[in-house]
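Shown next as structure tokens: one chain only, the form predicted alone.
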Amino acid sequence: MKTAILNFSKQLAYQPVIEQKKNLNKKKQFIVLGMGGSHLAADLLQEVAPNLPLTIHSDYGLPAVSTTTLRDSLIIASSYSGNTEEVIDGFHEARKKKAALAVIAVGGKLIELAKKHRVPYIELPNTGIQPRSALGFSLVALLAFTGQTAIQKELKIVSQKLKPAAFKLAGKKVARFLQNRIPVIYTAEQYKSIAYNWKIKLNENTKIPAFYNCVPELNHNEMNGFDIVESTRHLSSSMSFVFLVDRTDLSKNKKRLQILKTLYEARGLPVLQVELNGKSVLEKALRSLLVADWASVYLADYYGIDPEPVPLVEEFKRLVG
């Protein structure tokens, strides 16, 4: 896992090849079918390009969209392993409805189906890393299918100056703060996918409960669960909060996070602010996620846990069949 983090910048320099490209039906709208780590790139793309008509579907079948939307969209079936049950189901449903299709995977049944039915596909490098660690590969492939050339160019520039090892100390600081605690990640709505990625890395690498939410929404509900009184203090006693903050946040949201920090700390709830740094949303996201990577693996070291495997997920898959 540490090697995968150190090699992350190399992923951003990956140059994908669209196989069976002559069959690619170019569209201006996109629907990404993906579960777990296989939709993290799409989450990030929504944040970086908020005006891009992009729908993410993490379920069986296809999203409930109009016939017109389905006709005008490229459905991108994304499964790192190529064997994700829900994504394969969506692939078959898209074929039944004669929708435009494309595939992203390292291999597996999905690549076999793409070859069989002459569907355009990108076969990702099979380096043996976990899907959550392959964000760079998945993002570059997704940009190729969505035609986001400006973001592709920016990504190359960012990849040249992004040094994963430089984020070790920041990750260690977060890990020390979260030792023996349940992490809760908060940020402004515009960085929702970053907070969600933090949660996923802590769930899968460190094998601990972790949660996330965003202001202003959480100010209308979740924070009320932490208005601690003596009879409920034990319910919150194991929680610590990481606030992902950005100097360019909407001033009202910056104010909300600052006030919330004061209120939580007054109730004995530890809060650590982590700055989002970078010249663009894309750079801020990638830098922040490297901090999360290191934090999650250093926490795994602390707990004596191997961050690589996900045994509960594998056991669940066997039982589902």
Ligand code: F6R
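Note that residue numbering follows the sequence shown and begins at 1. Just so it is clear, the structure is predicted and the values come from calculations on it, not from any experiment.
Separately, the form predicted together with fructose -6-phosphate (F6R) exists; it is not shown, and the next lines address it.
- M35 is the sole member of M35, L260, V274, L62 with a non-hydrogen atom lying within 4.5 angstroms of fructose -6-phosphate (F6R) in the predicted bound form.
- Interface residue among N213, Q148, S240, Q130 relative to fructose -6-phosphate (F6R) in the predicted bound form, by the heavy atom within 4.5 Å criterion: Q130.
- Per the 4.5 Å heavy atom criterion, fructose -6-phosphate (F6R) in the predicted bound form is contacted by stretch 74-82, the sole one of 214-222, 74-82, 247-255, 165-173.
- At a distance of at most 4.5 angstroms from fructose -6-phosphate (F6R) in the predicted bound form, all three residues E204, V313 and K317 contribute at least one non-hydrogen atom.
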